[in-house]
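This document opens with one chain alone, in structure tokens, the form predicted alone.
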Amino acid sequence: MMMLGLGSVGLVLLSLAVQSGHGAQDSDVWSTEETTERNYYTRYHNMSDITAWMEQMKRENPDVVSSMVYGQTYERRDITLLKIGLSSTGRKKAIWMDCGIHAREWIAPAFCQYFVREILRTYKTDTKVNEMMKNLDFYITPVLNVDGYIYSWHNASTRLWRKSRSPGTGGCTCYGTDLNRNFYANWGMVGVSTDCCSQTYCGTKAISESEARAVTDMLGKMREDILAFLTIHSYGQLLLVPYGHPNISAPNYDELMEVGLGAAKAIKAVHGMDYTVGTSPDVLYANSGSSRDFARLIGIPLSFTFELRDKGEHGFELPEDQIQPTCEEAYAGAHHIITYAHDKAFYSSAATITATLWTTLLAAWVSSATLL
């Protein structure tokens, strides 16, 4: 599918129309390009469409968007992220977001696309987003499990495919590993299966899957710079914090819960949807080998799993008319977490430096006064 590009005028008109309360019934106010822009983010897109969209984002925003291939899938397809941020001469902090680690969760890639659109649409006019774009780079993978996602689009019988597409071993004729059970974080301990036909098959060993290795390598290289790790899933309307093992707690559990509850409050303010916050054992089920837990384990302080709409009525087959409201509320939650991470890193450190400076000056003054 071809997506028509929007110039700045089109974006301004789109923004004004939304702000003035125009609904779908006011279709006469939309140009063809504006309608295309509006409608694109209310539909699910196959991998070819998403790849073309990523190229378009780079082409239309060359000063702030670049792409990086950081791994390959079992079927030798590229795993690509978008890096978004304003150029800087200094070393920047980072936010990681990945979507589509489970193939059937189509709302997740839709959200990654929406998130990219929103920060690109607003950073020139929203002072906070602009500030964060100056201080942070966003590393966003719209589809991590590329093989599985493509397979889920084949036909109705494959629509609910979850895992990767690597073949079983040891005589097992089933395909796929649950990539979110394959990370080196309490791997194989709880909430997994060693049966390669199971939906929660954890693989033959930790990071046996090339997709999990790609993320592991990237996080390892960037862990000192990443302030927040967000991995997007569905469904259940949950914000999950580390850890998935019931007997292990994150050292900053209280902070994670406070930030998560704030994000849930921001989500609820958009369309009234309730999101439950907690560890996976507390609010869902125990699991191990998740990317969320791995990120926290290597020192990334804020690590969250978003489980988007709904609570089971439609499950993984969320209707397209719920894409936009789901993305709007999830954006509010992600924005809350990212803002907290940013402000803690930059304002808290600035306050610490200022306090240290004043302490030093005070000590020097006291010393001088004593000599007098």
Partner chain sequence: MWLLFQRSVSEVVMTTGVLNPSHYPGRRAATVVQHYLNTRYGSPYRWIFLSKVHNGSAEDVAEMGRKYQLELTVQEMISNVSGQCSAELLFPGGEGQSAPQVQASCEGLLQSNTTAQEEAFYQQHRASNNMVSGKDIPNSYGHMEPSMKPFWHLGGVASSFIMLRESNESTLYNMAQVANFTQLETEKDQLRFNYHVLLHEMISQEIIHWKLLVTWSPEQGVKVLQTELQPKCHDCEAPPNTTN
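Keep in mind that this is a model prediction, so the values were computed, not measured. Positions refer to the first chain, counted from 1.
In what follows, reference is made to the form predicted together with the partner chain, a form of this protein that is not presented.
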Item to check | Answer range among 338 to 346, 325 to 333, 54 to 62, 306 to 314 for contact with the partner chain, defined in the model of the complex as heavy atoms within 4.5 Å | outcome: 306 to 314
Next on the checklist: Can you work out whether residue 86 and the partner chain are in contact in the model of the complex, taking contact to mean some heavy atom pair no more than 4.5 Å apart?
Outcome noted: no
Item to check | Close approach of residue 154 to the partner chain in the model of the complex, 4.5 Å, heavy atom | outcome: yes
Checklist entry - If you check in the model of the complex, is residue 269 within 4.5 Å of the partner chain, heavy atoms only? => result no
Checklist entry - Hey, in the model of the complex, is residue 282 touching the partner chain, heavy atoms inside 4.5 Å? => result yes
Next on the checklist: So the partner chain isn't shown here. In the model of the complex, which residue out of 265, 159, 223, 213 has a non-hydrogen atom within 4.5 Å of it?
Outcome noted: 159
Checklist entry - Within 4.5 Å of the partner chain in the model of the complex, heavy atoms considered, which of 260, 71, 191, 301? => result 191
Next on the checklist: Contact check in the model of the complex: 174, 199 and 318 versus the partner chain, with a cutoff of 4.5 Å between any heavy atoms. Do all three pass?
Outcome noted: yes
Checklist outcome for this item: When the partner chain is considered in the model of the complex, the residues of 81 to 112 having a heavy atom within 4.5 Å of it are 104, 106
